[in-house]
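Single chain ahead, written as structure tokens, the form predicted on its own.
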């Protein structure tokens, strides 16, 4: 599976204090593909997602062992800047979390922090990002309005646009549709399909139908271990491990 691997984990163990949340996780994530992480609550899939852009650094008493290689370089090496990693590996969370600012300022907030001050450049970037998130037509006339006035589905697409404005290589999505209605969910799924042409996407989802619809690869986690990792069709039609089959057919979890 080494054709275009952009990020890989090697023998990763992760601890919250003395609790081991992940055990010996080794997997490769291919460029411009969607990889879904599935498994019951508390199995470590969101923990793994947050490890990939060093979000867990922000929690006291955590420790990572093993390697996470992004373009061949261990992102936990002492000389690596976590801020730079988070710029290149963007994140969209479960609940839409727009800033209490205008729609325009939501999208341009991080680019401004990173030093882009030219108004025309910021306007172009905002339009590009909102177009990529299929939100531009809905908001182009109300960019100065508070992001809090948007619907939940629009807010989530705005959060995706905000992540894209930093021009990341990878987009991490932690259950991005679990707080949304079916129509908004379908829009985000269509969007994921569009975005993989430009980005590598790793999505944690509770919804197995969603994993089957949007991803090329699926990893099944159970109690902190990667039980099975393969192309999605194989995982859902002919899993190699009985535990995976039991989970997918609803016999446990």
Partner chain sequence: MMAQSTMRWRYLKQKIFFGVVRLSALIISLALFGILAYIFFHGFRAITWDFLTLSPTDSMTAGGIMPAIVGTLYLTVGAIAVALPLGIVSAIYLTEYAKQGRWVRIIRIGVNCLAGVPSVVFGLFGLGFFVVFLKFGSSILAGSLTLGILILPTIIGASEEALKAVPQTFREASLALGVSKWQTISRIVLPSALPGILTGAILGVGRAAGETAPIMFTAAAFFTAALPKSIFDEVMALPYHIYVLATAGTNIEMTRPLQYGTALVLIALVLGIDLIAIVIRSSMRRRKRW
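Numbering follows the first chain given and starts at 1. Treat the numbers as computed from the prediction; the structure is a model and nothing was measured.
The form predicted in complex with its partner chain exists for this protein as well; it is not shown, and the discussion that follows is about that form.
Participant: Within 4.5 Å of its partner chain in the model of the complex - does that hold for a heavy atom of every one of 109, 113 and 166?
Facilitator: Yes, because 109, 113 and 166 each have a heavy atom that approaches its partner chain to within 4.5 Å in the model of the complex.
Participant: Just checking whether residue 101 would be counted as a contact of its partner chain in the model of the complex - the rule being heavy atoms within 4.5 angstroms.
Facilitator: So residue 101 counts as contacting its partner chain.
Participant: So in the model of the complex, is its partner chain close enough to residue 162 to count as touching (4.5 Å, heavy atoms)?
Facilitator: Answer yes; at least one heavy atom of residue 162 falls within 4.5 Å of its partner chain in the model of the complex.
Participant: Verify the contact flag for residue 126: yes if a non-hydrogen atom of it lies within 4.5 Å of a non-hydrogen atom of its partner chain in the model of the complex, no if not.
Facilitator: Judged by the heavy-atom cut-off of 4.5 Å, residue 126 is well away from its partner chain in the model of the complex.
Participant: Using heavy atoms and a 4.5 Å limit, would one call residue 55 a contact residue for its partner chain in the model of the complex?
Facilitator: Output for residue 55 is yes: heavy atoms within 4.5 Å of its partner chain.
Participant: Name the stretch, out of 213 to 221, 57 to 65, 28 to 36, 197 to 205, where some heavy atom lies within 4.5 Å of its partner chain in the model of the complex.
Facilitator: That would be 57 to 65.
Participant: Identify which of 178, 74, 97, 151 has a heavy atom within 4.5 Å of its partner chain in the model of the complex; exactly one of them does.
Facilitator: Of the candidates 178, 74, 97, 151, 97 is the one lying within 4.5 Å of its partner chain in the model of the complex.
Participant: To verify the annotation, which of these, 122, 134, 139, 91, has a non-hydrogen atom within 4.5 Å of its partner chain in the model of the complex?
Facilitator: It is 91.
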